[in-house]
Ligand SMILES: O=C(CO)COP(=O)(O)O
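What follows is one chain in structure tokens, specifically the form predicted on its own.
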Amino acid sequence: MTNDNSQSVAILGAGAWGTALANLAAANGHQVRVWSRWGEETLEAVLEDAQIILSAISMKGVRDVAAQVKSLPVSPETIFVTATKGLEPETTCTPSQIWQSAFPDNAVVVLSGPNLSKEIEMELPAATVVASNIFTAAQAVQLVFSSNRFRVYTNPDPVGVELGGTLKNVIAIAAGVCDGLQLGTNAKAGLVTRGLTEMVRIGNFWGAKTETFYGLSGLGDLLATCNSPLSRNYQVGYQLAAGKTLEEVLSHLQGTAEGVNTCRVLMQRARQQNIPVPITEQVDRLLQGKITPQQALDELMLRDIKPEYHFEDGN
């Protein structure tokens, strides 16, 4: 396919997600180069004249790769896109905050949504969100990846879009536990709904807009991850409920379950800021081996009864 508006796109990370995004851009006629730390090509060669640099590396590699990119010549016009979901343990920074601090003068766009890479590989229809403080940058990225099988929406709330994709991984672990214990549809509907409330509460503390969490990158991604055996985070919860240890589960998992690390970082931040996060707290205790899946459930069911909403303060 020829494309008169062809862009030069560099994808950092050759895992399932980076590869899926590379294929989408290439199918739209863009010039795509992919870098992997184990690949043949140097980072410098892949980044040469790149108009869009998309990072799809796992959370633990983000700061290191951002520093490597910073040591190379990058145009101030280049748009950075981050497609990583997670929080940095040492700083509690999100991936976009790391990229923006490394490149303060460049536009940074967050790409996140209900996007299980295996389904995108199979060319099944999907939708996602690209968010930035700079609307023209989000629009440019939207054009690169949009197709008749991948619908891309823009959003002006990058913090909310990024946190939606990050926080739902913790709730997905809880959903996996729920299914693993065979607790039924009612229990899971309750869990996922209260999980969304918890995501909104945390997001508001970090300056995210409530309505973003009811969109694709919040509720959409939450539904996909909490209901699919393809989700690594769901698998962690499901297998813990089957009696496996966390070490056993993670050693057999293909790829990274970012929710395990996110949960720990989130608890640290929630304690500092006094944010009530009952589901996250039980997932954290479960991951640390302090309680069994059944005990985690009992703790949530036996909490003080309360109103669903406090209308007077907008919650």
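Just so it is clear, the model here is predicted, and its values are computed rather than measured. The numbering used is simple: start at 1 and walk along the sequence shown.
Heads up, the form predicted together with the ligand isn't pictured, but that's what we're talking about next.
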(request) Name the stretch, out of 168 to 176, 140 to 148, 73 to 81, 237 to 245, where some heavy atom lies within 4.5 Å of the ligand in the predicted complex. (result) 168 to 176
(request) Identify, from the list Gly195, Gly113, Gly203, Pro158, the residue with a heavy atom within 4.5 Å of the ligand in the predicted complex. (result) Gly113
(request) Using heavy atoms only and a 4.5 Å cut-off, determine which of Thr212, Thr225, Ser96, Ser132 is in contact with the ligand in the predicted complex. (result) Thr225
(message) Even though the partner isn't displayed, in the predicted complex is Thr256 close enough to the ligand, meaning a heavy atom within 4.5 Å?
(response) yes
(message) At 4.5 Å between heavy atoms, is Leu124 in contact with the ligand in the predicted complex?
(response) no
(request) Answer for Ala189 alone: is it within 4.5 Å of the ligand in the predicted complex, judged on heavy atom distances? (result) no
(request) Determine the residues of 62 to 91 with a heavy atom within 4.5 Å of the ligand in the predicted complex and present them in sequence order; the list may be empty. (result) Lys85
